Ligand SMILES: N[C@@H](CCC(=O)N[C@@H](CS)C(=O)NCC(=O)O)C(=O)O
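First, one chain by itself in structure tokens, the form predicted on its own.
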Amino acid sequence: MVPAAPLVRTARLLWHSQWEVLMGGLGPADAQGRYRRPAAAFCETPPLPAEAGETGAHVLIVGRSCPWAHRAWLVWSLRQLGGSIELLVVEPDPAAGRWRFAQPFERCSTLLDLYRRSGGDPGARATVPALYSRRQERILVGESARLIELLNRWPAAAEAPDLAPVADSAAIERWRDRLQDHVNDGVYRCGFARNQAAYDEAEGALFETLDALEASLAADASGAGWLVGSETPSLADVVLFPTLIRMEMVYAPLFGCSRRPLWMLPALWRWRARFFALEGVAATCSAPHWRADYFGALFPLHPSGIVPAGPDLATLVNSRAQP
């Protein structure tokens, strides 16, 4: 039986009012309904620690589903820092809305406990990634953009790539600034928009930037295939990958970033496959965790909690798999 129209209208009104409250906690917005990412804690770039490179002195804390943690994990992997920085993966606790340690770490059971022990603002969110110093017994930096810069300066093997060569610094920064606003945050501005106008603005900027990326990669005369035309990827490539690898899995179906599938941008499709094929990158990707956390935890966007089936990751990183 189809519910009566007055019942449907009442239910919609009640749900929308509750949705507004829930969204306020999930993703703050400005007066025009545009999502605004909260400031991160431990966001200052620290100097390179004197003990940097010392085995076991530092721990990089990441979560599998978080794209901001993913970028730090990628730099750790690409620069082969496993010998000096331990990697610790935390698990989401959707019921409590926080990250927890599988085993107590530094006498803490949750990342929030570690934040508070490190002198973080009691009201601040405890987010990944975070770089922890065992010697100083505190989190050094928790803002991903600053953390990947620090990890790129970390002592590494001679063969480890420099992801921010001085000659390319201006081009890298231009792409990073644009990607942060319109792609990395852009997908969240689509998903957490409070109204149609805010969504249309964010979605338009997202696909305009994807088109610009496509044009830049397609026009690269060097044939290198990276965003700044270098022979190796840069931090600009690093910050783009976590968003694009989640596009079909999460952002298109859940956040409404579905105007055009990525296979219709062939240069970007090939770029993503090329990046995924880099040594160590595949180990940082876990599609089941991404989908379970996003669809299962973002209640205001997906109240049922049902995790829908998605494409096989292998089909998304095959440069020859385009229709």
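Don't overthink the numbering: it's just position in the shown sequence, from 1. Model, not experiment: these values are computed from the prediction.
One more form of this protein should be noted, the form predicted in complex with the named molecule, which is absent from this view; the next part is about it.
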Practice task
Look at the stretches 67-75, 236-244, 169-177, 194-202 and give the one with heavy atoms within 4.5 Å of the named molecule in the predicted complex.
Solution key: 67-75
Exercise for the section: Identify which of Ala52, Leu254, Ala40, Ala292 has a heavy atom within 4.5 Å of the named molecule in the predicted complex; exactly one of them does. Expected result: Ala40
Fill in the blank from the handout: In this chain shown alone, the residue from Glu149, Glu143, Glu248, Glu214 with a heavy atom within 4.5 Å of the named molecule in the predicted complex is Glu143
Practice task
Answer with yes or no whether Val128 is in contact with the named molecule in the predicted complex, where contact means some heavy atom within 4.5 Å.
Solution key: yes
Handout entry: 4.5 Å heavy atom contact, Tyr188 to the named molecule in the predicted complex
Key = yes
Problem - Distance check, Gly82 to the named molecule in the predicted complex, heavy atom within 4.5 Å - result: no
Practice task
Classify Trp99 as contacting or not contacting the named molecule in the predicted complex by the rule of any non-hydrogen atom within 4.5 angstroms, answering yes or no.
Solution key: yes
